[in-house]
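Read the single chain below, which is given as structure tokens and is the form predicted alone.
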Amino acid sequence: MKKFVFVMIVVLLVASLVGCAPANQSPETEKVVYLINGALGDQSFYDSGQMGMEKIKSEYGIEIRTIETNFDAGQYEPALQAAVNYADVIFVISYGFEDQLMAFADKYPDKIFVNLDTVVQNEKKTITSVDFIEEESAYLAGVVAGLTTLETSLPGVNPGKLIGAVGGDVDPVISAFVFAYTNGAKSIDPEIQVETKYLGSWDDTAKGKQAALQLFDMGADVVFQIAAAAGIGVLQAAGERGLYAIGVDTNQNDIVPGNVVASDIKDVGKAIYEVFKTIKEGTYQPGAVLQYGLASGGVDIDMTAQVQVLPQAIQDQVLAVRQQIIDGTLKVEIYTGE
């Protein structure tokens, strides 16, 4: 009888301790934040991410909130605080604000932070990063530009071998774009020269247009815009001069019909959707680095357009190179910062 009473006391004590223990709660997934260092309306990078947010809202019936900091350093930390106060799942673009992101991720280890387009690793290893292999699609953009500048049957193309690029600013991602773009063009003809201009702005359309006009005046036939909203000015300049541009991040071929020969796609929305799906399914891995390249559909080249400029022979050649990269028979060199 004494043994029975003792066992019952032990059972009750264990039960009471279990009842007092904090529950191991799963993160709340009904509210999701998209925190960006810039602003929507660029018709490229940021808007691509917003499309992914709208897709998870539609498919999963969740609440979403987009916080735009408009490249204002003073807004970023309050924006992070607002994000963690509102939701447990935060997709973030942290260019220029990596230190703030790491500090918040360490302070709130139970929050899910997914950093888009760069690799950021905090001390507690909780930030998951989506790393796009932009070199693969930019290489194809270079192939398009190289073939276009040699196709003198196209209206406006001169006999010279000069192409251009306009970057929003000097940073590792833009440098990777330019590096691979140059390699792609030179794979067509080593004599092709690439001139690059940097704006120091991601949203000044007038600056983008002016830079592109300068490149066209130098003799460039094709200019690759890698400048977010400012790059819309590059497309406008191509239309004004009757020459050619290459868009970025989303299909921009119809923004200035007949003058945008292709777009280098970086599908931020696809990454947001796929990562959120793993969170819902319970397979999400905090601290992982997820690579999105050509084979996974994270990046691509898109030549579809209402007004098709490129001859079919050029399109076929580009698609053949694209397939070689997917198959692994062509290895695109990755930018190392050297």
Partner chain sequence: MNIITGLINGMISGATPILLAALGGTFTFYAGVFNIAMEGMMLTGAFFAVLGSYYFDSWLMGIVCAIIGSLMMALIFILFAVTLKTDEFVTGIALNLFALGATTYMMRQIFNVKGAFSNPGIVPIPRIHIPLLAKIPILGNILSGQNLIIYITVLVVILSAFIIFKTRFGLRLRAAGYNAPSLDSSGVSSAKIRIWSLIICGVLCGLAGAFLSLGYVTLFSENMSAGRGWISLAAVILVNGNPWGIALISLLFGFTDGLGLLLQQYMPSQFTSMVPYVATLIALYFYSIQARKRKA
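All figures in this text were calculated on a predicted structure; none of them were measured in a lab. Numbering follows the first chain given and starts at 1.
What follows is about the form predicted in complex with the partner chain, which we do not show.
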| item | value |
| --- | --- |
| Option touching the partner chain, based on a heavy atom within 4.5 Å in the predicted complex, out of 157, 170, 103, 119 | 170 |
| Listed residue (286, 297, 41, 311) with a non-hydrogen atom within 4.5 angstroms of the partner chain in the predicted complex | 41 |
| 4.5 Å heavy atom contact, residue 88 and the partner chain in the predicted complex | no |
| Proximity of residue 175 to the partner chain in the predicted complex, heavy atoms at 4.5 Å | no |
| Contact flag, residue 193 vs the partner chain in the predicted complex, heavy atom cut 4.5 Å | no |
| Partner contact for residue 99 in the predicted complex: the partner chain, 4.5 angstroms, heavy atom | no |
| One stretch from 262 to 270, 147 to 155, 133 to 141, 210 to 218 that, in the predicted complex, holds residues within 4.5 Å of the partner chain by heavy atom | 210 to 218 |
| Non-hydrogen atom within 4.5 angstroms of the partner chain in the predicted complex for each of 198, 236 and 255 | yes |
| Sequence-ordered list of residues in 285 to 299 near the partner chain in the predicted complex, where near means a heavy atom within 4.5 Å | none |
